[in-house]
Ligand SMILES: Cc1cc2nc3c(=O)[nH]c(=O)nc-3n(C[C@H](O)[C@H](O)[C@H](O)COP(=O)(O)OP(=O)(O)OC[C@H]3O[C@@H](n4cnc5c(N)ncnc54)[C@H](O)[C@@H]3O)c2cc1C
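One chain comes next, on its own, written as C-alpha cells: the form predicted alone.
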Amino acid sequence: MHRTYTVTEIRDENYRTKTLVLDRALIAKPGQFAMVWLPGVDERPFSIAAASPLTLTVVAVGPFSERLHQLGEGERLWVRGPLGQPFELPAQPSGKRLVMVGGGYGVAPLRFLAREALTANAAVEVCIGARTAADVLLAERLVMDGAVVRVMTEDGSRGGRGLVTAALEAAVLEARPASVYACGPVPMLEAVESRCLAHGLPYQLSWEARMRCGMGLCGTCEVHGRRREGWLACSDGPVSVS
C-alpha cells in the first residue's frame, strides 16, 4: 500500500544528486529500500537515507529520478515500503570499529547505517569511491556525523587516486574491524568480498539491481554475480550477510 508524503526540504549534495526530506517517518532499518511512485510517471526503488523523517537521496540517472529532482517543497510523492533485508549492526556495537565502503551513490544508505552505529557508540570509518571530486557524495556530512572518512577518486582529483578498495585495504591493515559493510556496483562489491575473505572478516553487502515489483515476483532484479546466481536483490537482499 502506498502512503502519501510531502517534500519539506531539498538539499543539493553534488551536481547530480539531491536529498529530499519528507514530512513524516517510515519505520525502517539501514539498507532497506522503498518504492517511490509518481502517478502518471512511474514507480522506482530508492534506498532509504534516513527514516525519521523519511529521507531519500536521489541521483539523476534517468527520466524518473530527473522528475523527482523537479519536485519542489510542498509537492507530494507516494511511498511503498520499507522493503528488503537490512544491514545489521553487531549485537553490542559500543566500542567496536566498523568499516563501510561506498561506491558512487551507494554511499547514501551507508550514511543511515553510520549514524545508527555512531549513536550506539561504535567507531565508524567510511571509504568513499567516486570517478572525480565532483562525484564524491556525502563526505562532509559523514565527517559532521562523527565518522572518519577516506576518499578515493579514479582521476586523483580528491583524496587518493585509484579504486575505493585500496582505501578499504589500508583501513583493514591499520586496525582489524569488527565488520565491513559495503554498497555499490557489483564489481566493487565482488572486490570488497574478495578482500574480506582474504582477511577473514565478516561482511555485509548491499547489491544494486534493476527492480520492478520490489517483492520477488517479477525476477527483474536477479543478481548475476559469482556466489549469488539466481539471487533476487529485492527479497533475498538487497543486503547479504557473510
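Just count from 1 along the sequence shown to find any residue number. What you are looking at is a predicted structure, and each value in this text was computed from that prediction instead of being measured.
This next part talks about the form predicted in complex with this ligand, which is not shown.
Margin query: Counting any non-hydrogen atom inside 4.5 Å, which residue from 62, 39, 187, 53 sits next to this ligand in the predicted complex?
Written below: That would be 62.
Note to self: Considering non-hydrogen atoms and a 4.5 Å limit, does this ligand approach residue 45 in the predicted complex?
What the structure shows: Contact check for residue 45: yes, within 4.5 Å of this ligand in the predicted complex.
Notebook entry, point to check: Taking 4.5 angstroms as the cut-off for heavy atoms, does residue 57 touch this ligand in the predicted complex?
Noted result: Yes, residue 57 sits close enough to this ligand in the predicted complex that at least one of its heavy atoms falls within 4.5 Å.
Margin query: With the partner left out here, check for me: in the predicted complex, does some heavy atom of residue 112 sit within 4.5 Å of this ligand?
Written below: Although this ligand is absent here, residue 112 would stay clear of it in the predicted complex, with no heavy atoms inside 4.5 Å.
Margin query: Is it the case that residue 87, even though its partner is missing from this view, gets within 4.5 Å of this ligand in the predicted complex, heavy atoms only?
Written below: No, residue 87 sits far enough from this ligand in the predicted complex that none of its heavy atoms falls within 4.5 Å.
Check: Okay, which stretch from 63-71, 170-178, 22-30, 194-202 lines this ligand in the predicted complex, with non-hydrogen atoms inside 4.5 Å?
Finding: In the other structure, the partner sits against 63-71.
Next item on the list: Using the arrangement in the predicted complex, list in sequence order the residues of 94-115 with any heavy atom within 4.5 angstroms of this ligand.
Entry: If the 4.5 Å heavy-atom criterion is applied to this ligand in the predicted complex, 94-115 yields only 105.
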